[in-house]
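Included below are structure tokens for two forms of one protein chain, each presented in isolation as structure 1 and structure 2.
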Structure 1
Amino acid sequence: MYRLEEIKRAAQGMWSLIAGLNITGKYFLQPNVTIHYPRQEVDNLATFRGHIELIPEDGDPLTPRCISCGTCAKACPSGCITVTKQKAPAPTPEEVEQGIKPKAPKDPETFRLDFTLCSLCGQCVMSCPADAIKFSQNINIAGYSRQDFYFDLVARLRSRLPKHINKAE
């Protein structure tokens, strides 16, 4: 009785080994999909998902298309996005007399991403009503500390522009 159980267990192990070798053999004969960086460069980054980035307005490359609605932050299951709206400017004396309240700009004051928490699920990109977020194609992101992966995406958008266009400096 004791030997019969050992034989069954050995047969199950052998069957598991054969099934595993079958799968390994099938993929062993297929072409290699691994790229040996830096000897080879990535050709097609269409499906690559890096951290998210803000998309600028069509007419103004310094202003993000974002309308500060916070839908991306609400949709994020990791809670890695923080959007801060700009405050309305102080009313001028004429506006106070007329009872007019100045409106706050729609673009965000800050748009922060904690990439250490991001799971790259894409919920923020899909939920954005203004199509203001996209995945970056930065394949060379690296850092020495956690702080290297905390991004202010508004500042990042403005820093990517050439120096002669950048009004922030």
Structure 2
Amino acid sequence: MYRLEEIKRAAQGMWSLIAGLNITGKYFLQPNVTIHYPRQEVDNLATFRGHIELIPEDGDPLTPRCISCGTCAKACPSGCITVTKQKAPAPTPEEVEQGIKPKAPKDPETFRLDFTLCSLCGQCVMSCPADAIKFSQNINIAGYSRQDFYFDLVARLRSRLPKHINKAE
């Protein structure tokens, strides 16, 4: 009885081998599902998580929406964000006369990201009260040294400006 059982199993095994060949044979004839990367790109880049970047204010592409509150730096499990606030400008003569102390602008002086430590977890994006951070869609990021991945996101936002203006036109 045991032998018969084993022979039956072997026959099933043989059949499964043929089924396997059938599947790979079919796949062989079907079109490719991959793309030729440097010449083509996938169409779902919107879901890609690149390094984080600052979102500018509506209507003012120079200034980030960020209010330098530091919540993101606290939320980041890898400790890779450092936000420094701007100092208040020196009071003008009129302000001195009127005894008003000038307010420091809200947006940060620098927003440092150490991308070598970032795990792209998204805690900073979720925690930001001003919705000022998003993931970039920069898929081709590469560098020659570790220092290439220490970003100042404020400077980065400004440096990308001309492109923005071009796009707007």
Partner chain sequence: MIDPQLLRILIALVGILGFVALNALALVYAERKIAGHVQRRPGPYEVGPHGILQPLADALKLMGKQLTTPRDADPVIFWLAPILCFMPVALCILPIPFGPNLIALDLNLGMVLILAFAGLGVLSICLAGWGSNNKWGLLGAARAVAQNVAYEIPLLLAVLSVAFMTGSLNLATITEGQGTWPWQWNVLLNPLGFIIYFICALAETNRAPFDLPEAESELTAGFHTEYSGMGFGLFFMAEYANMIVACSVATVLFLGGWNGPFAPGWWWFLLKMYALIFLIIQIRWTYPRVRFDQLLNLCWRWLVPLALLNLVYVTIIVKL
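Predicted model, so just to flag it, every value in this text is computed and none were measured. Counting starts at 1 and follows the sequence of structure 1. Rigid core (definition): largest C-alpha set, two forms, superposition within 1.5 Å.
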Please state whether structure 1 or structure 2 is the form predicted in complex with the partner chain. 2
Can a Cα shift of no less than 2 Å be assigned to I141 between the two structures, given superposition on the rigid core? no
C-alpha of I100 moved at least 2 Å between the two structures on rigid core: yes
Using a superposition on the rigid core, decide whether the Cα position of I35 changes by 2 angstroms or more between the two structures. yes
Rigid core fixed, the Cα of A90 shifts between the two structures, in Å, by 2.3
